[in-house]
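Below sits a lone chain in structure tokens, taken as the form predicted alone.
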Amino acid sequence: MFSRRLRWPLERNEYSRLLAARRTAGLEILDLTESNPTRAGIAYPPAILSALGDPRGLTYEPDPWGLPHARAAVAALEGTAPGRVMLTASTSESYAYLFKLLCNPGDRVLVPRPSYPLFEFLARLENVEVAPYSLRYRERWEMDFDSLRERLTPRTRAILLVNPNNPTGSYVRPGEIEQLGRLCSQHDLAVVSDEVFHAYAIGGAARTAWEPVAAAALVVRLNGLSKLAGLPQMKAGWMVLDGPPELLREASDRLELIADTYLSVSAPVQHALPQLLRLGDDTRRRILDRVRENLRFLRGVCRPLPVEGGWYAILQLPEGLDEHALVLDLLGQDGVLTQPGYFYDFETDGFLVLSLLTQPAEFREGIARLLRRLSRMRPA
């Protein structure tokens, strides 16, 4: 009766059952996985709510690309022309549009590993196949182009990347962009760069210049209010398109048809978008301050892997230590919620992913309990 696109197991795993039981019992949980800034004790400007009171929001003026003044505000932020900006309700919706644009059923997109596990769900819902390419750790995380080439088939349509990657926090470097440009030109591939964490550079600017790829291929950059302004509840994202003129025109025409079918971005949020972007500057500074404070503490008590941007840090566990057993013990016995590396499709066992967004007092206590637990566990 139901679609084969929904073939995921619906039963809760051991981790989820333990978390639900602990919450039901009202037991303490120190959450070192927090990814929602609206629940992380970040102070927000009160003017955010008043920005939604624009009376123009009472009028329905559908535009598949988004209202012109909202797109202009995004274009100024992204350093591009308004005509290259399309508004969507979220980054997830942007992916759905792009899979419709680029792929026939059964076509393939390449996604980084490790990375956020949303890609497989979004792709499968569009009948698109996902194939992972590796990020290798050599003093920093880098794209493994041998792995990427091995995954190419005649039905490969696009290379997806997250810049900076979630959870590794690694930005794409100029040398990698040049290699991507050559690869896309040779195999007629598009590049989709998810840049929702791009503004959260830790320790310096991280501008990414896509010209070497856009000279020959379609490049689509994704961003939105969810991370940029810490406002996931506002449901506003965007795509920035670049590429050779003829290819860009055809992609734009086809995307317009897709977007015109849905018209999903709400008018009040679109009218508020210029002000929400301005107000987001302050929220983003507060989030960055939080992330840097927690990272300084973490580096003072242990040795996380290097992180260049984003909200997450990675701990590499002693060799032979079972990360699954560790996260269950931490939650069940210490009341500390963490994420194992296999949630993010790490190629090997032995990693924990920690959110740097957690409130500092909770973060410090959670890390203290984690380190005590590690000191008591012996590798297999």
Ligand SMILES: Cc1ncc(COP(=O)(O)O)c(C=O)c1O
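Everything numeric in this text was worked out from a predicted model, so none of it was measured. In this text, residue numbers run from 1 along the sequence as written.
The form predicted together with this ligand is left out here; the points below concern that form.
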| query | finding |
| --- | --- |
| Residue (of Arg290, Arg157, His271, Lys227) lying close to this ligand in the predicted bound form, criterion heavy atoms within 4.5 Å | Lys227 |
| Listed residue (Phe297, Tyr116, Phe145, Tyr137) with a non-hydrogen atom within 4.5 angstroms of this ligand in the predicted bound form | Tyr116 |
| Any non-hydrogen atom of Trp210 within 4.5 angstroms of this ligand in the predicted bound form | no |
| Partner contact for Val220 in the predicted bound form: this ligand, 4.5 angstroms, heavy atom | no |
| 4.5 angstroms heavy atom contact with this ligand in the predicted bound form for Val162 | yes |
| Interface membership of Val196, this ligand in the predicted bound form, 4.5 Å heavy atom rule | yes |
| Option from 174-182, 99-107, 84-92, 128-136 whose residues, in the predicted bound form, bring a heavy atom within 4.5 Å of this ligand | 84-92 |
| Interface residues of 166-180 toward this ligand, as seen in the predicted bound form [heavy atoms, 4.5 Å] | Asn166 |
